[in-house]
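Alright, here's a single protein chain in two forms, structure 1 and structure 2, each given by itself as structure tokens.
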Structure 1
Amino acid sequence: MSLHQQVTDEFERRYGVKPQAVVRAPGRVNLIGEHTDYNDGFVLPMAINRATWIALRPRNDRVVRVYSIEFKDAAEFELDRLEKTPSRWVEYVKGVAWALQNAGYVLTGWDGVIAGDVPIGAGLSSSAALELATARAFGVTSGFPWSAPIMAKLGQKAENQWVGMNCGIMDQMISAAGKDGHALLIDCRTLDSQLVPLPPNTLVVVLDTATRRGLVDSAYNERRAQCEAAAQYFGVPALRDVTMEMFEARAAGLDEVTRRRARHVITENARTLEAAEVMRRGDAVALGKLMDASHASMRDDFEISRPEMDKMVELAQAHPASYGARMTGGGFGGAAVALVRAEVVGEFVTIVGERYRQATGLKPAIYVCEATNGAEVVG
């Protein structure tokens, strides 16, 4: 049964009436442009056909009452008395309410049922999906206009300041603004975005390594701090402003680790812009090569991969149906992404999955993804 149907049925069961609206917001996979967003750089993600769905009806007070099918858990809170509780899925819902109210939106409460199929912790942005679906839900009950960049920024604020994860803007922006059949080249400084078509006869395959990031926050924050230190050294607001020529002229003055961190971001920004260009020409071979180079840069310069991830990427790259593969998302575990010839995708999935299992003893989850719309009201 589809998630749309599941949230609708569960809503009727719990509240005795049909929901007034159903909203959805997708997870994402990033094709290229990793750890560039918080450096004011470029990213090239697409929204995927895995999403968070909410069936809801407005209430005539300022209470939000919501049940999660995924967590088999109910929660209730008052918009006039938002308080943090120990980490639970509902903190993302509350965090968005907090960010919206903080920005001056006047909110109305709702009854809702939530379900999602974005795997948690796989690096596919299940939290951004929940944040943007929540923003859509409040949009329905409270009647404010939808702006993808504004809602993405508020989702990010919820994540940064309510949940306490210091992420960039990529995940929220693509979950808000994704478009069917396309990736989005996002300028993370201006939040301008351009639609970029996927190369013809290719499919995007997500390969979840079944490893999970452990102490991700500290490693992520450490990378951010290293990037900021490098930008300061070059005397610019962000590493986005450092060209390869500037880097080569002055990099010798940086310590070895900071130099490699900066080199990843600077080369990754260039690869991302080039990736959008070759995609516009429909050149899958060139895109695949850029993805391979991106992985090497994350592994060697940014040091955010791990042995199981390298193995998955190596197996995907070695398969004849693949154009290229790389780790995707924050790093230290989670999923890889591969660009694969559409007509042989079944064989790719079977063989790479089997070889990964043999090599690591882990059971991977593999998803052939379609590019979908960002957050929307569907009924």
Structure 2
Amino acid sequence: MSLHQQVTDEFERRYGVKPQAVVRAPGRVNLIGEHTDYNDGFVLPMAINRATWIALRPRNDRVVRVYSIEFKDAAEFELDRLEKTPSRWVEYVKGVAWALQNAGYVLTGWDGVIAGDVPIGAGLSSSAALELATARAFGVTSGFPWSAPIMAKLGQKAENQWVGMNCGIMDQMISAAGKDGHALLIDCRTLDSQLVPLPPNTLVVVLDTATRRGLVDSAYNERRAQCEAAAQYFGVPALRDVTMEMFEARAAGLDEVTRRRARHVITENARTLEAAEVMRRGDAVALGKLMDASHASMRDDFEISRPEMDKMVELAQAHPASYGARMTGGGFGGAAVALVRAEVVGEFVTIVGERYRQATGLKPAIYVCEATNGAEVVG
């Protein structure tokens, strides 16, 4: 049964009537552009065909009452008395309400049923999917116009300031603004974005290594500090402003580690812009080579990979159906992403999954993904 049907049926079961609307918002995978976001650079994610769905009806008061099928858990809160409670899924819903009201939106309450199939903890942004689906739900009941960049910023604010997770803008932006068949080139400085078509006859495969990110704050903060130190050395606001020519002319003055960190960001920005260009030409081979180069840079210059991840990427790259593969996400575990010939994707999934299991003793989760629309009202 589809999630659309599940949330509709559960809504009828709980409330005795059909929902007045159904909304959905997708998770995402980043094709290329890693650790470029906080350096004011470029990222190239796509919205995937795994999403959070909400069936709902407006209320005539300022109460929000929701049930999560996934967590088998009900929650209720008043828009006039928003309070943080110990961490639960509903804090993301509350956080969006808080961010919208702080931005001046006048909200109406609603009853809703939520379900999702974005894997939690796999680096596919289940939290952004829930935030943007919630924003869509409030848009339906409260009647305000939809602006993808504005809603993305408010979703990010909810996650940063209400939930307390320090994420960049990419996850919310792609969940808000994705389009069927396309990735989205996002300028993280201006939030300008451009739709870029996926190469024909290709599918994107997410390969969850079954290792969870130990993206310890210290390692992340250390790399941010190294990037900021390098930008200061070059006399620019962020590494996004350093060209390869500037880097090669002056990099010798940096210590070796900071030099490698900066080189990753500068080359990754260039790779991301080039990836958008080759995708516009439908060149899957060139895109795959850029993904391979991105992984090598994250492994060697930014040092955020781990042996299981390198093995997964190596196996994916070695399969004849694969154009290229790389780690995706913050690092130190999580998932890889591969660009694969559509007609032999089943064979790719079976062989790479089995060889990874043999090599590591871990059972991977593998998701074949298509690019879908961002947050939308679907019924």
Ligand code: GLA
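One-based numbering along structure 1's sequence throughout. What we label the rigid core is the largest C-alpha set whose atoms superpose within 1.5 Å from one form to the other. Note that the structure is predicted; figures quoted are calculated from it, not measured.
**Q** Two copies of the same chain, shown separately. Which of them is the form predicted alone?
**A** Note: form predicted alone is structure 2; the other is not.
**Q** How about Arg259 - superposed on the rigid core, does its CA move between structures 1 and 2 by 2 Å or more?
**A** Shift of 2 Å or more: yes.
**Q** Verify the C-alpha shift of Ala249 between structures 1 and 2: is it 2 Å or more after superposing the core?
**A** Indeed, Ala249 is displaced by 2 Å or more.
**Q** With both forms fit on the core, is the shift of the CA atom of Lys179 between structures 1 and 2 2 Å or larger?
**A** After core superposition, the C-alpha of Lys179 moves less than 2 Å between structures 1 and 2.
**Q** What is the C-alpha shift for Arg223 between structures 1 and 2, rigid core superposed, to one decimal in Å?
**A** Rounded to one decimal, the shift is 3.0 Å.
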